[in-house]
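Next up is one chain by itself, shown in C-alpha cells, the form predicted alone.
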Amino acid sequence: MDPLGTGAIILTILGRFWPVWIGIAAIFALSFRFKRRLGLYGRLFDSPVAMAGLALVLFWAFTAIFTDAIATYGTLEQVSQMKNKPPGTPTPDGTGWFLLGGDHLARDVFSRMVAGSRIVIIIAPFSTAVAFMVGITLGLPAGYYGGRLDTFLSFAANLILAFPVILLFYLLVTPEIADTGLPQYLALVLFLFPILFLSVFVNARYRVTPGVRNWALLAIGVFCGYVYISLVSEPGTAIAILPAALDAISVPTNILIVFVSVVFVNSPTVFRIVRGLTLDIKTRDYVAAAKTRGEGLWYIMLWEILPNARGPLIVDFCLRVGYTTILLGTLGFFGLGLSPESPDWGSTINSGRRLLTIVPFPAIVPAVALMSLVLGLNLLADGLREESLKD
C-alpha cells in the first residue's frame, strides 16, 4: 500500500466521520423546520455565528457518541514500525493507514484524538450542569432572603474563589489528597444538590396537586437516589456503600476526582451570578404580583425569578463548559487527575510536545481539536447572548 497524499487523507478522514455528518444534518433540518416553535433555541438559526458555533459543538458531541465507529484503531493499540510516522503512512500489514500519523508509542493519533472527545463531552457539560444546580439551589435563597443566610453563603463562596484555581485543582487531584477520601466526601455533598433541586422544583410546581407531586417526588427519590449512591460508591475506596453486584455506575476514581473538582471550583461563581440576578429580579412587578396571589417562596424563586434569569445563565453555561474544557486540558497536560495513558487531549498534547519540532502532529492534532470545541462554545454563547437580549 502506498502512503496517502494530503487530499486523500482529508477525504478519508471526512468519510470516517459519516455518522457525524448525518447527525448534524438531521439536527439542522429538524431545527430549521420547527425553529419558530423552539423558542430561544430556534432563534439561534437566525444567527450565522450561532449556527457555526452549534455546528462545531454538535460535531464533537456526535464524535463522542460514535467514537467506536469513527476510530480506526484502539487508543492503546500499538502497531510496530509506526512510531512517529507522518500522516497517511500505511501499516506494515497493509490493512490500513495512520491517517494523522503515529505518536512516540506507535499509537494512532487520529483514533486517540477521536476518543479524547468522549472524555471531554462526558465530564465538561455534566460537571458544569451539577455546578449550576449547586449554584442555583444556594444562590436563589441567598439573593431572595438576604440577611445572615446571604452573608454566610457569600462568605463561603468568596473564600473558595479567593484560592488560586489551578492550585486548588492541584491540591484536589493529588494522590495524597485522594488517599484521604476527601474527593469522595465532597461527591457525597455536591451530588445531593441535583436531587434537592429537582425535589424542590417539583414540589413548588405541583404543591396544589398532591397526587402528582407525591408520585413525582417518589420517582425522583428512587431513581435519582440510586444513581446518587451508585455514583459515589466505589468498592475499595473510602466510600463503598453498594456491593459490586448492585453498583450499576462504575466511575473510575481519577475521573470522579476531576469531576468533583470541576463542580467544587465552578459552583461559587455560579452562586454569585444567580444571587446577583435574584437581587435584581425580586424587585420586579411580576414577583410582587406572585406574592399577592399567595404563591410560596420557592415557587416564586423557581417559577418567577429563575425563568427570567435564564438568558444570562444559559450564556454563562456555554462559556463555563468552554472554561471547563480548557481546565481539563490543563489538568491532563500537567498529568493531574486523569491516568497517563488516557487519550484526553491535554495528556496527548503533553506527550507529543517533547518531539514537537520533529514530529508535530501528535501535539498539534489534539490542540486543534481542543481549540475548535472551545471556539464553538464561545460562538454559541455569543449567539445566545444576542438572541436573549431580544426577549
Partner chain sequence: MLLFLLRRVLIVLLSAFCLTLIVFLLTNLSPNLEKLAKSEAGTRITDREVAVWLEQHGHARPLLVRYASWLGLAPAWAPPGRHLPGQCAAAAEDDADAPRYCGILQGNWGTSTVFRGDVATILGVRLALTGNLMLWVMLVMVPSALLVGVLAGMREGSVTDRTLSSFSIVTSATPEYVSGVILIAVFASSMTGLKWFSGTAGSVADKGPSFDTMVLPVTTIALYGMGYVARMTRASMAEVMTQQYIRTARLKGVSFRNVVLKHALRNALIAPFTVIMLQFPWLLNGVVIVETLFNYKGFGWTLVEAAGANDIDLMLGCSVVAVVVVLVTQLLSDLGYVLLNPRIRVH
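Positions refer to the first chain, counted from 1. From a predicted model like this one, the values you see are computed outputs, not experimental measurements.
Although it is not shown, the form predicted in complex with the partner chain is what the next lines describe.
No member of the trio I121, A124 and A131 reaches the partner chain in the predicted bound form with any non-hydrogen atom inside 4.5 Å. The partner is not drawn, yet in the predicted bound form one stretch among 359 to 367, 65 to 73, 33 to 41, 52 to 60 has residues with heavy atoms inside 4.5 Å of the partner chain: 359 to 367.
With the partner removed from view, the residue among P243, P164, G294, P210 that has a non-hydrogen atom within 4.5 Å of the partner chain in the predicted bound form turns out to be P164. Though the partner chain is absent from this view, in the predicted bound form it lies within 4.5 Å of a heavy atom of just one residue from I177, L149, V251, L217, which is I177.
Taking non-hydrogen atoms only, F28 never approaches the partner chain to within 4.5 angstroms in the predicted bound form. When contacts are judged by a 4.5 Å heavy atom cut-off, I349 counts as touching the partner chain in the predicted bound form. A residue is said to contact a partner when one of its heavy atoms sits within 4.5 Å of a partner heavy atom; Y323 meets this definition for the partner chain in the predicted bound form.
Taking the partner from the other structure, the partner chain in the predicted bound form has a heavy atom within 4.5 Å of a heavy atom of L375.
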